[in-house]
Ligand code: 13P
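The chain that follows stands alone, in the form predicted alone, written as structure tokens.
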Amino acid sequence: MVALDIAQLVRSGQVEESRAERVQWLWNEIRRLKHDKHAFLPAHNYQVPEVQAIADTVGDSFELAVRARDVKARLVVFCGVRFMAEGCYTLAPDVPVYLPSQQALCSLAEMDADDLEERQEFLRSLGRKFATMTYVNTYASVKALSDVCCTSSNAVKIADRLGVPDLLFVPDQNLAYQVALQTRRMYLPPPEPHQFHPREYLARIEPLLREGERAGMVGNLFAWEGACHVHHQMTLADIAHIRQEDPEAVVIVHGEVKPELQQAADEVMSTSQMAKYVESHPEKKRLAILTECGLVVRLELEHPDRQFYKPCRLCEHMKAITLESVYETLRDEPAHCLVTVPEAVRQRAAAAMLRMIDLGA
């Protein structure tokens, strides 16, 4: 990541000129406190630039999980959302992990572990041999019921390496579609949210199971009924507008967008893959990036010679982390910001996350 300075953020409109002196002071104080307290600050790609600028590492969920496993610090202030801070604690339980805002949640992660157990029991009752593959955008209680975790950057690779034909993919139905497509599994669409009725669901998927067998599919992918509220609201009209405005622009979407957008795009990628694509293709001068706006803003700052179209959306949960809250958390280490996981749950969740790191390498 290119180092950002305050003048650059002011020129680009990311920091108001009236706040520049305060932001610079906060950066200096955070650097001092990080040094004095031997603290580690990871930040997700969707954080605001002034927070990314002070982080020790910036990346997607997989990259941050790997860094969490290897963290050597007295404390961590996690600039992301709660499930990420939980994941850090899960892999490094001896290091206190702080989340600067209690509003830094994730709509995708809000699923009940009891509902997952019910679905697993249902599939077992059908005699299905399956693995539960869980997106890291979940809380530890759900990870603990899983055979393996994944991120958008490694989901296909892990699905290919599991050696199991059928997958129960939790909780993002859109990423599930991409995994099914790329691994030649039959995509079995989920029920409506909170509307799982075993008999109705079975009647819906039975024809698709038979169709997959006739087509010689590798197996089946049972999708959960979750979706990222940021990516799920993007539409085909967003892509159509870009195509009309600039037919030569490369359209890149996140794997969490709806299947019809994945089909209409030039590339489907994780956030880290998007950043690497831009870096490794300097000849691509005009790009449309459909993901949370935090990454697109960062790419604009790092590549001022490119044209970025921004049919992106904001995640209010990611934006709950502010530079002020990072500073205050690092300064005060408030107890209410500590993130922990019950030990029995943590051990099982850690096993699924470590298997992800092993298979996704």
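Computed from a prediction, not measured in an experiment: that's the story for all the values here. Throughout, we count residues from 1 along the sequence that is shown.
If you look for the form predicted together with this ligand, you will not find it shown, but the lines that follow are about it.
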property: This ligand: the contacting residue among A180, V257, M84, V142 in the predicted bound form [heavy atom, 4.5 Å]; result: M84
property: Contact test in the predicted bound form: D60 vs this ligand, heavy atoms, 4.5 Å; result: yes
property: Interface membership of S152, this ligand in the predicted bound form, 4.5 Å heavy atom rule; result: yes
property: Contact test in the predicted bound form: F222 vs this ligand, heavy atoms, 4.5 Å; result: no
property: S270: touches this ligand in the predicted bound form, heavy atom cutoff 4.5 angstroms; result: yes
property: Answer range among 32 to 40, 328 to 336, 60 to 68, 300 to 308 for contact with this ligand, defined in the predicted bound form as heavy atoms within 4.5 Å; result: 60 to 68
property: Every residue of Y46, N137 and H231 near this ligand in the predicted bound form, heavy atom within 4.5 Å; result: yes
property: Residues in 276 to 298 with any heavy atom within 4.5 Å of this ligand in the predicted bound form; result: none
